[in-house]
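First, one chain by itself in structure tokens, the form predicted alone.
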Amino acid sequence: MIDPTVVNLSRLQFALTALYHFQFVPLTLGLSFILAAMETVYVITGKPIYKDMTLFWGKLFGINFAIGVATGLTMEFEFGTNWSMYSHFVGDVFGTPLAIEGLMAFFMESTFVGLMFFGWDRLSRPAHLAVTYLVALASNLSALWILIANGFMQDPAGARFDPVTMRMQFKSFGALVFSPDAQAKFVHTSIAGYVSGAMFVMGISAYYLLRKQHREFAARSFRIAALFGLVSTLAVVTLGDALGRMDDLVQPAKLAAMEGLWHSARGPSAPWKLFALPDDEKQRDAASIGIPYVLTPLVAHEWKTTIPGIYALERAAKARTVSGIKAIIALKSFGASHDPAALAAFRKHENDMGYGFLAQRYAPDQDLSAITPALLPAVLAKTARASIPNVFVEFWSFRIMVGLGVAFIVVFAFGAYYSLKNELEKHPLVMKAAMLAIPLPILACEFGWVTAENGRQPWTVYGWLPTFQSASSHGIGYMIFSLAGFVLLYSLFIAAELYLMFKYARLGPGEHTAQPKPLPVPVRPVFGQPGYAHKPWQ
């Protein structure tokens, strides 16, 4: 058993590095397609202002892209340094999408980013536009492979446990890539990035309009961003509903925690909790406000489905734990003797193996065979309770994300409406709201990440490998030192990002896109003209 403090510090370090890194990813995804849209208009119309828009927003994209790459590099190494047991268990499967993502990011994406920035005078307009679209495509494909890897952690499709090697082995590459959870998560996350990029462009454009600066530039940028953001936000809400439906089918404990559902919801009158104060210790709400006749159709898309609550899921977990204990005992016997009967016993219970691993935490000396009939009820109760994620965190992270999404629809809708009517400057409140909302889509993405990852607990691979068995056996001192180093380094990255973004945003587009004045060319005096100096050797 790994020291629980080391496990918690490993989790904290990965969470912080992921949250730091994820501040840059949505903006990269969103700005890439906004740049492509602006350059498309430039190529079609030939109006220089759209080239100016592409150049200016491209500079801010470049700053964010560079720091995003720097913060993302360390995360893949953390799987080997801090999560070596996890890497051993799923490395054959999990490493494949990460390797493809590395090739995608550091070859395709980085190459085309260079062409996009330095190819304006070397490529034709259509060729440069194609490069810009390839940058956007590569950025999103890079995110695709990361989310396929994460989707495997949420729903381990395409793999099967091998009792000989004690590792997850590939069963189907196609099942891994086309996992419904991975695909739904990719589309939802990518479009959430589009919302972040749109709000960023719209908010900075609103800043210029409020200051009466670069008015034509800002008005056109605002309009493109508002329309792009409105469509994207509506798509995020729709696809988030599909992802919630996926959680209902694959991760019912996550869904129950998201909805604060202690008791199973039966019938169409089940209320959807608008507000609640879940108490994880007592497993009840200290207070709650619900809206009846909303939860069942919202989650199941029909009226009669029963949605299991936390109490029901804990009862089901107890039964799976009994089966999982048998699986681990049979696996241990097979490892010692390679007895076919032990292998057959393991295969009978292998789908519940993860619950056996989870029960080891509460067994005497982590030995499942030492659990006596008298101890079994307590072990089952503790394991069942541990199989449920933190309800308070899950409930509120989900609602903050959803609440912000609804607010974005309002801001984008008013912004698009008044922009299309050319009345935007008559409504400074809309522009101020857009400017203040710049960081909120990224904050919503962060809460979405917390919802997804907290809801997966207590597993690193859902239903198969518990988190407390996945970490490396480092010392506490090493973990504290490395955690402090990452916090310091990543805080410097955040400071650099904010400094550069504020600096170039304040300078505005004119200072960036204006061509430097050519230096005067010296004129050589001609013989016989004023200024000609006769030299002895001439």
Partner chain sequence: MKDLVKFGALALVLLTALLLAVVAGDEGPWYFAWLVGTTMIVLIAVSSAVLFETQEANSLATHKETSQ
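What you see is a predicted model, and the numbers here were worked out from it, not measured in a lab. Numbering follows the first chain given and starts at 1.
From this point on, the text means the form predicted together with the partner chain, which you will not see here.
From the list 428-436, 296-304, 219-227, 309-317, the contact stretch for the partner chain in the predicted complex under a 4.5 Å heavy atom rule is 219-227.
For Ala206, no non-hydrogen atom is located within 4.5 Å of the partner chain in the predicted complex, even though that partner is not displayed. Heavy atoms of Tyr133 reach within 4.5 Å of the partner chain in the predicted complex, making it an interface residue. Contact annotation: Val41 falls within 4.5 Å of the partner chain in the predicted complex, judged by heavy atom distances. In the predicted complex, none of the heavy atoms of Ala505 sits within 4.5 Å of a heavy atom of the partner chain. The partner is absent here, but in the predicted complex a heavy atom of Leu137, alone among Val402, Ile371, Leu137, Val322, sits within 4.5 Å of the partner chain. The single contact residue among Thr467, Asn390, Gln283, Gln183, judged by any heavy atom lying within 4.5 Å of the partner chain in the predicted complex, is Gln183. Taken together, Ile148, Met246 and Asn422 are fully in contact with the partner chain in the predicted complex: each brings a heavy atom within 4.5 Å.
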